[in-house]
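Shown here is one chain on its own, the form predicted alone, set out as structure tokens.
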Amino acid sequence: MAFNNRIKIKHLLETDSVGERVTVMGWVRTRRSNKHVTFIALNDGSCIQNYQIVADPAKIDDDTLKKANTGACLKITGAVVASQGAGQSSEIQADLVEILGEADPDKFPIQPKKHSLEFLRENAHLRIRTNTFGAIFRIRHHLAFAVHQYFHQKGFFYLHSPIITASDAEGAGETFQVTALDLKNPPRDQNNNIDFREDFFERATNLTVSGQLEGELAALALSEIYTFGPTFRAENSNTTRHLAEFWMIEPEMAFYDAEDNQNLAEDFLKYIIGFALENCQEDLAFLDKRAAEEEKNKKAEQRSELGLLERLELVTKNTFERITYSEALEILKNSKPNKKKKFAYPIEDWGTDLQSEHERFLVEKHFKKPVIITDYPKSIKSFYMKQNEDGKTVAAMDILFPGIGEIIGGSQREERLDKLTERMQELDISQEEMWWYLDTRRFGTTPHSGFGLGFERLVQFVTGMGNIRDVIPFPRTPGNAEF
């Protein structure tokens, strides 16, 4: 049996195929029948719309039609005719219906009704067949494609950074350990600690939390690179914002200062979101309606003033506001929510780390557009960020979006060896273990910058989903590695 002669439903809907005899294949969404005719709504995942199949029981075996239940996979051959009903311009009058895969109607969990997102997460192996998740993962594909297209057009090189590493780029210590040792009887050293010298890599290793440090090494040879790969955090968190496995986009650029970094990040975000608006119109329109329905169920004070499409256009059509951390703190300190003690985390002294509620206030209430905050206190940022001349702040930036707060974090990197080693000493970071990173400051150092964008955070913003677990096909969270 040859399958490559099939036509995708997306193609049928976009072209005038009336009069042609075609073959389509897909999964049954619904079936309704009477004595004279059977209507099957078929979907093959190529687009959000189903395609109507009309089957005459006089031509198609009755037992076959009875097996065409929701979830079953069919091969349909027939003539494309003008549709008699509303919703689409054409339909197929079937003369051949073949069951490729049956689905027991009493056991198939994804029925043509509204299911909770919690239920669908428990059935993540089948949830992609729903309209909501089909739309999400088609959009996810387009966003990933746009990432590569953007950087390719800019002359960046795609670097595959290692997944197994001996470093913890963030210094957080919440990593997944990688070992080939016998866990029932691991070798011990003289202090009875596990002797990782006997392990596969002859040292302790973990899954990467970031490709940044390796990205810096490549940027200091190729000028402009980006990484786009999986990263891992063993943070025992069950919030709607955290995953144990997620994808990061991390460009690193030689000869870029902090302002260059901000300019690139703003242009990048506008391009990616603009690409989705142009190429995912049907899926975004569906998710926009879905988001509007979700907003109705929220408390008045939690509702967004903007719809999903309006939030996306807010990004593409506005110049991002740029303010320093100190300026942001003053705005927040003097804001009504702070004075009336409405913030869960009150703004007080300089040096306070900003929370999501503060970031959203700046974007959604004060400036009403995306915001770039720069020059954060050194004490709340990572060791590799370039120290400003005031001795108190670093050349960091965070980009804040409506609905989710921070979407990008980045900085000019500290290229001065003495400043970098001084900061590492303050934070008790081993210079001996990071010799290779320090070598780039010893041999041909130059000002350079970079940023990180959590891909799932981007997909969450573009699709309007409230839980980050719903924008990755198979989420990895504490206690959850089922699929």
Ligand code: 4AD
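From 1 onward, residues are counted along the sequence shown. If you're wondering where the values come from, they're calculated on a predicted model, not measured in any experiment.
Just so it is clear, the following notes concern the form predicted together with the named molecule, a form of the same protein that is not shown.
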property: Any non-hydrogen atom of Arg127 within 4.5 angstroms of the named molecule in the model of the complex; result: no
property: is_contact(Gly26, the named molecule) in the model of the complex, heavy atom dist at most 4.5 Å; result: no
property: Leu308, heavy atom within 4.5 angstroms of the named molecule in the model of the complex; result: no
property: Non-hydrogen atom contact Thr374 with the named molecule in the model of the complex at 4.5 angstroms; result: no
property: Position in contact with the named molecule when the complex is considered in the model of the complex, options Leu329, Leu220, Ala72, Ile407, heavy atoms within 4.5 Å; result: Ile407
property: Contact residue in the model of the complex, from Tyr325, Tyr226, Tyr384, Phe401 (heavy atom within 4.5 Å of the named molecule); result: Tyr384
property: One stretch from 80-88, 358-366, 332-340, 243-251 that, in the model of the complex, holds residues within 4.5 Å of the named molecule by heavy atom; result: 243-251
property: Contacts with the named molecule in the model of the complex - residues in 214-235 whose heavy atoms fall within 4.5 Å; result: Arg233, Glu235
